[in-house]
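Have a look below at one chain only, the form predicted alone, in structure tokens format.
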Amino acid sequence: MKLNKEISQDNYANWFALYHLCQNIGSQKAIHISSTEFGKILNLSQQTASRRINDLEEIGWIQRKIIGKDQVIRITKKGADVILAMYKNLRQILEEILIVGEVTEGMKEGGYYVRIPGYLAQFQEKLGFKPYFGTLNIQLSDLNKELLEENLKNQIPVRIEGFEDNKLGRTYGAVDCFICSVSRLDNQDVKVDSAILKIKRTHHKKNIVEILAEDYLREKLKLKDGDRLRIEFTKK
């Protein structure tokens, strides 16, 4: 991965300082801040913080205006471009980190809901396949759940609308499906097109993810409880 020359090793201290300035400026156009206050934010001495501000001004990442003993700092377009470049690099790194979970025994409720005609018809129409009457349950670590949630923010879900069953007098909620592929961690050559189901009402324990596919995934990938599975999203 190529890094923008502005965020090269020589500039690490500067973009770290710029990052903290942006954090504190937030949606404001500028910030009133002294070198002492900035030093506390960076956990540096006042003298070192002052040098950081001077360096940022010299390389054109900030503009500074002295007002008495105070100073007003705003981020320049060049500085904003550096933050954007760093964001793009970090986003790419995040997207390339493996999301891995362990196959675990489910509560069989996935199979029940998939069979309901109001859901099944929409799954077939909107996902493009008739799903197996059941879901594969994956247990994620806290870190992998966070990575998954961050990745999902960059995906457009397929919406399965909620509906009412007048005969039973029951309402079924909407479900968001996120297109992905899954594979054994120890054999990533065989990938199966699938969908992650985002269900608001579920009785599953923490960090359980339900995977829906046309195939019976346990059989297709020869899975047993405890096997590790990788989740991937198609790059856009």
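Take the two forms, find the largest set of C-alpha atoms that superpose within 1.5 Å, and that set is the rigid core. The structure displayed is predicted, hence computed values, not measured ones. Numbers for residues come from their place in the sequence shown, where the first is 1.
Another form exists, predicted together with another copy of the chain; not displayed. Remarks below refer to it.
Another copy of the chain is not shown here, and in the predicted bound form it never comes within 4.5 Å of any heavy atom of residue 116.
Mapping the unseen interface onto this chain, residue 198 falls outside it, with no heavy atom inside 4.5 Å of another copy of the chain in the predicted bound form. Taking the partner from the other structure, another copy of the chain in the predicted bound form has no heavy atom within 4.5 Å of any heavy atom of residue 181. Residue contact with another copy of the chain in the predicted bound form: residue 155 places no heavy atom within 4.5 Å of it.
Contact with another copy of the chain in the predicted bound form, judged as any non-hydrogen atom within 4.5 angstroms, is confined among 65 to 73, 207 to 215, 169 to 177, 188 to 196 to 188 to 196. Residues are counted as partner-facing when one of their heavy atoms sits within 4.5 Å of another copy of the chain in the predicted bound form; in 141 to 155 these are 143, 146, 147, 149, 150, 153, in sequence order. Relative to the superposed core, residue 19 undergoes a C-alpha shift of no less than 2 Å between the shown form and the other one. Once you line up the core between the shown form and the other one, the Cα of residue 127 stays within less than 2 Å of where it was.
A movement of the C-alpha atom of residue 74 reaching 2 angstroms or beyond is seen between the shown form and the other one when the two forms are aligned on their rigid core. Whereas the displayed form keeps them at a certain spacing, the CA atoms of residue 82 and residue 143 lie at least 3 angstroms closer in the predicted bound form. In the predicted bound form, the Cα atoms of residue 88 and residue 142 sit 3 Å or more nearer to each other than they do here.
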